[in-house]
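This document opens with one chain alone, in structure tokens, the form predicted alone.
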């Protein structure tokens, strides 16, 4: 029997953003830098972070990412994300637990246009000769500190970033409705590296993970420079219905 998520969607919806609708236009994000690490997580508690529409991955794992975007319609901004890897039907996706940006202008757009559950924080991304460092600080506390050690060059074709799934709210037929929207950027890689992932600290409750997100074995780490985007929204789904039955193509 397939596993389904056990998240209390009604409780989770209380902290997610209200979107303006599904008809957002795309943003081009040139010359992005993305540090991306993956770690296995303890299975039982993590199932309670995934809505019933989705299947937790086997083995369960999370991705941690810190990215910097030097140009966008909202100006330069950084974005940090913590996601649990899931399947929507048979397709692997990254279910967003929480995110932060360092730009108030970008935050407003990311929430209302693409359904990012995110707050404001200080985000740093440093690429050195022997490591790449990503850190997030909120109210003077470090809530994420991670590194890629001993980077080595690889081809961009060896890097895979999963599409995002965001739990959000949207006004439909005069009432707020919970929805999962898919955010599926494309990537053109200019440079890519891989190395050893090192997680120094992760304050799980700052990312919507409570005490249920517990990282264990390191899996992989990459750092890339690429052109990407925040695309038009193409798919949404009911968080309470299995994705194969509850998915729909959006008008956009």
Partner chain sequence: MKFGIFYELSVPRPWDGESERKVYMNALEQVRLADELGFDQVWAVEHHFLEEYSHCSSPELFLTACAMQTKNIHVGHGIVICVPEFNHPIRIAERAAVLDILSGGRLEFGTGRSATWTELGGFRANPDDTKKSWDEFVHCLPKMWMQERFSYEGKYFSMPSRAVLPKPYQKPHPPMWVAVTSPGTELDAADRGIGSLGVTFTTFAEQEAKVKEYRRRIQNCNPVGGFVNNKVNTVNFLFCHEDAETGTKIGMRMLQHFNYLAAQLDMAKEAYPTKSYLSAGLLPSLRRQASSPGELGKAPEGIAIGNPAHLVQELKKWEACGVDRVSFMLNAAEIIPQEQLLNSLRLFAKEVMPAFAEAQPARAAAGGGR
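Positions refer to the first chain, counted from 1. Since this is a predicted model, take the numbers as computed values, not measurements.
Another form, the form predicted in complex with the partner chain, is not on view; read the next lines as being about it.
Asks: Is residue 18 one of the residues lying within 4.5 Å of the partner chain in the predicted complex, judged by heavy atom distances?
Replies: No - in the predicted complex, heavy atoms of residue 18 and the partner chain never come within 4.5 Å of each other.
Asks: Residue 201 versus the partner chain, in the predicted complex: is there a non-hydrogen atom within 4.5 Å?
Replies: Flag for residue 201 set to no.
Asks: Does any part of residue 44 reach within 4.5 Å of the partner chain in the predicted complex? Heavy atoms only, please.
Replies: Residue 44: no, not in contact with the partner chain in the predicted complex.
Asks: Contact with the partner chain in the predicted complex for residue 108, defined as at least one heavy atom pair within 4.5 Å: yes or no?
Replies: No, residue 108 sits far enough from the partner chain in the predicted complex that none of its heavy atoms falls within 4.5 Å.
Asks: With the partner left out here, if you bring back the partner chain in the predicted complex, are 55, 59 and 157 all within 4.5 Å of it by some heavy atom?
Replies: Per the other structure, all of 55, 59 and 157 touch the partner chain.
Asks: Looking at 131, 169, 138, 87 here, can you tell me which has any non-hydrogen atom within 4.5 angstroms of the partner chain in the predicted complex?
Replies: Contact with the partner chain in the predicted complex is made by 87 alone.
Asks: Okay, which stretch from 183 to 191, 59 to 67, 23 to 31, 204 to 212 lines the partner chain in the predicted complex, with non-hydrogen atoms inside 4.5 Å?
Replies: Looking at the other structure, the answer is 59 to 67.
Asks: If we check the partner chain in the predicted complex, which of the residues in 2 to 39 reach within 4.5 angstroms of it by a non-hydrogen atom?
Replies: Residues within 4.5 Å: 2, 3.
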